[in-house]
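Coming up, as structure tokens: structure 1 and structure 2, two forms of one and the same protein chain.
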Structure 1
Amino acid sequence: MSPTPEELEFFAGQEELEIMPRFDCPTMWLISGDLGPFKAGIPNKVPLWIALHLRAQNKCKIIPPPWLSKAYLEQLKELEIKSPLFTKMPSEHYMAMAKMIFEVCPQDIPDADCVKLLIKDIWDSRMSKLRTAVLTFIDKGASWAKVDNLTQLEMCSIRPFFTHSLEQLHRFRKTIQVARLYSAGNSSEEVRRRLRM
């Protein structure tokens, strides 16, 4: 039931960013909104999937979003490492967007190698926090928790381990009630009725 990383990539494609077009074009009336008009040399905002499509044909240059820069990410990394909780990411799809942009046009990102490494460091830091949080949650036997600022891709990294373990533990705990009802002499229909949810 969990979306695959590729499916999340599809959704990440909706995020908007700026491009520097190398072409002229009147307004595009797309279902998802109007874009343009485009004039060569004048920046324009488009969804990521269009940006990458045009970039792959060399029809534009990608202007990296403000957060995809060495300076911003260095600050973010520090914040993330210092904080015991998850910091708010500049975009829900920060990892997918970075990956897609690096795939198509790393040359459009200044200090690309450095930026890549910083994103990886931030990801690793969050992953390790996540792993600890998951184990604490299982250990405590809690039934719900707040997980603000966690992005979908990060949630996918702990599914299905986290969700399946919790489900089986819940099933086992429920069985204790079942066993007690049977011991008390209830029939199976009665047990099913009592536990009918």
Structure 2
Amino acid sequence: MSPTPEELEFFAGQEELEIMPRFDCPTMWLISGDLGPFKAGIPNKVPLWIALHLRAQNKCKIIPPPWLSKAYLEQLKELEIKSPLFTKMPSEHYMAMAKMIFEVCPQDIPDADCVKLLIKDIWDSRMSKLRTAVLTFIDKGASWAKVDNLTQLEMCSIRPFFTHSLEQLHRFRKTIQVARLYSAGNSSEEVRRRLRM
């Protein structure tokens, strides 16, 4: 069974992110691992979910990952548009991470509006490529395809359309096969027997 978008957001929350604490605290021992010690003004890496929790309480400032910048995303967008293939994304969970950060602290991201628009443009470009790839796959009647550099969220978003399309294609092919068998003069029992093979 494939993960849902909510589960993927949970996984994204486990990604490490750097924060600038506004408090002092000794090491915290959590089930998932030790965090800290925290010293005000000294950067520290923590999972995204903890960073967002601390930021919501105004106990830290989030230091955006290097890929969450206008310059980096402009280059990535250009590369994604020019390349016929999917480019490797900076994080498997780039969309979910960006969404979570923008919900809690867009003020911590330089050029936040522009960054948000660039991420949406990259997503739209990738989804367009993915829809085109699926249509090409279906048109060619292929039974398998290899696609590199897709994120789990992108696969999750195309899966309902893709599986429905394959089901319809299978029904269509089965109908054509039955019609050919009948047009060849086969009896109903012979057609049923051949379809079971």
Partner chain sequence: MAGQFERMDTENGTGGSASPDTFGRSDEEAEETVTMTPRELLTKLHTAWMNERLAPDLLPPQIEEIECMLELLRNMEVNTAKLEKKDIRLGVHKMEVDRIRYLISSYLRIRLAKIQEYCWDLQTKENTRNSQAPSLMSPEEQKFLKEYIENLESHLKNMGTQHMPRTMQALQPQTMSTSSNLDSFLFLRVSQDSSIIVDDADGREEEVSLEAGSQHIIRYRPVAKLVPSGSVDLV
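All values reported here derive from a predicted model rather than from experimental measurement. Residue 1 is the first residue of structure 1, and the numbers go on in sequence order from there. Think of the rigid core as the biggest set of C-alphas that the two forms share within 1.5 Å after superposition.
- The first of the two structures is the form predicted in complex with the partner chain.
- When two forms of a protein are overlaid on their rigid core, residues whose CA moves 2 Å or more are considered shifted, and Gln14 is not one of them between structure 1 and structure 2.
- Superposition of the core reveals a Cα shift of 2 Å or more for Ile176 between structure 1 and structure 2.
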